[in-house]
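To begin, one chain is listed below as structure tokens, in the form predicted alone.
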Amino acid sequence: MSTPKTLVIGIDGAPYTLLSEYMERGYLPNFKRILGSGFNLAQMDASIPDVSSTSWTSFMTGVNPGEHGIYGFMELKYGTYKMSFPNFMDVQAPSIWDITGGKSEKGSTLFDRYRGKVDKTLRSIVLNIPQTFPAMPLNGILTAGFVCPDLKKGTYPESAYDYLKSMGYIPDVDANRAATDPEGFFREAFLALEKRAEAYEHFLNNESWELFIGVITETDRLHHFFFDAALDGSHRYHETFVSFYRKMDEVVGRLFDRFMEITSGAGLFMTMSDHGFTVIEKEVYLNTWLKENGYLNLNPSREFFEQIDSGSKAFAMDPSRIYINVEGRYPLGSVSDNDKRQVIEGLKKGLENITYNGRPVIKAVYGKDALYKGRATDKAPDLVCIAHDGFDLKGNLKKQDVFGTSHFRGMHTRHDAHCIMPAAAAPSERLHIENLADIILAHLIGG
């Protein structure tokens, strides 16, 4: 009997609500066809915080950040205010493809659940998942997603790199062009999607595998700069936005049809996103609010987070993380362990009372103990804020006003990620991105 197969297509930032609306409008015929053949479209919760590095790591490990240790694209080196940028080597829990290999130097609650159940090593093709640079050896092929500064170091094995280089694969688009050269940005985005589809179909058809995961990143880039065009028919770039989704729909349809052919309809097919998106009304600069409310002092003669000065009680990092400036942990820490709880309670109350034109900005403020469990909780933020849709929380240190705007038009949402999977595999309770790895492993290995 052949081993079951799984194909997962990640569509970065694709919201449940937008997919539903676009299917209703007839823009996504392949998605609609898939749903008509025994599949469900579900709204899904992303990680907290709902930043791509955290959410994709939660997907690929099936555990919360307290176990896998990734809370954002940027951290501070312990005992300093110097920035560091975690990569795949910093992930502290095994990935799905590690578990299907039957062994890992890292452990997790999900790994423990499947320990001893893997009776043969399964081969995986893993393409373009963010937070997987540098590429680590695996039984199969991996090319890293954002951030991937070096395609060669981001791809394993070398033969896969040789192929990707030869066919002009584009690891990511230059998102900065969206603000300065929109037409050039769109050309590159369409080309990147075309090359990604070409590579995915090549590996799908020419390699052996049991688990295939391929992520489309260009949707996220499109959303950040042009999400206000998604539903506004009068927007200059509305038709271009819709055209990109139509092209993406074609790609998903081709991959779905080929997968169904390979598996005679018996494989597990899934699409999913790492978060949703909505239009930005205002950016909200948390560090400015902290300064105005006596929690943060800055010395502008220094750079980045090394500006944090004596007497500071708290500071914020993207996207919505707040850290207490505790004595002993930070060089200029001013909050004792005895006073930490009082500072946290004052912050929660103050943050929950932020308003814009009489409307609340913050939906909820969570302490780390309410969110995270595991050996990596020592790195966790002390507080994480969830904003109401339209208010994009930022950790910028240079803004003079609490509210502002920039070239960004779209922001992440935690509650509006999507997942398409067979109705028979869908759980009855609301989906969370951490659930998907277990569903995939149950299909490949057996629960």
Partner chain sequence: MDHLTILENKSIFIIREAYAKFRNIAVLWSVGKDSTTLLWLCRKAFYGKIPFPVIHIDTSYKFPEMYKFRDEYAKKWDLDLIIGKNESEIEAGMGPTKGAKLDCCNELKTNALKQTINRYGFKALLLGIRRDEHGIRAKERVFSPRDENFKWNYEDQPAELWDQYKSTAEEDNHFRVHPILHMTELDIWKYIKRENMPLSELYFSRNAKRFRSIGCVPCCSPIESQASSVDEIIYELEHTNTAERAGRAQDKEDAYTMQKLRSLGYM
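Residue numbers count along the first chain shown, from 1. Treat the numbers as computed from the prediction; the structure is a model and nothing was measured.
Although it is not shown, the form predicted together with its partner chain is what the next lines describe.
Task: in the model of the complex, Phe408 touching its partner chain (heavy atom, 4.5 Å) - done: Yes - in the model of the complex, heavy atoms of Phe408 and its partner chain come within 4.5 Å of each other.
Open item on the list: Please tell me whether any heavy atom belonging to Ile216 falls inside 4.5 Å of a heavy atom of its partner chain, as the geometry stands in the model of the complex.
Closed with: No, no contact at 4.5 Å.
Open item on the list: Residue-level question: is Ser166 within 4.5 Å of its partner chain in the model of the complex, judged on heavy atoms?
Closed with: Flag for Ser166 set to no.
TODO: Find out whether any non-hydrogen atom of Val279 is located within 4.5 angstroms of its partner chain in the model of the complex, and reply yes or no.
DONE: No, Val279 is distant from the partner.
- [ ] Find the only residue in Leu127, Val173, Leu211, Ile362 having a heavy atom within 4.5 Å of its partner chain in the model of the complex.
- [x] Here the answer is residue option Val173.
Open item on the list: Exactly one residue in Asp309, Glu201, Asp228, Glu250 has a non-hydrogen atom within 4.5 Å of its partner chain in the model of the complex; which is it?
Closed with: When its partner chain is considered in the model of the complex, the option within 4.5 Å is Asp309.
Open item on the list: its partner chain is absent from this chain, but in the model of the complex, do Val147, Lys153 and Leu332 each have a non-hydrogen atom within 4.5 Å of it?
Closed with: Yes: each residue has a heavy atom within 4.5 Å of the partner.
Task: Candidate stretches 253-261, 67-75, 93-101, 157-165, one within 4.5 Å of its partner chain in the model of the complex by heavy atom - done: The contacting stretch is 67-75.
Task: Within 4.5 Å of its partner chain in the model of the complex: residues from 300-337 (heavy atom criterion) - done: Stretch hits, in order: Pro300, Ser301, Arg302, Glu303, Phe304, Asp309, Asp318, Pro331, Leu332.
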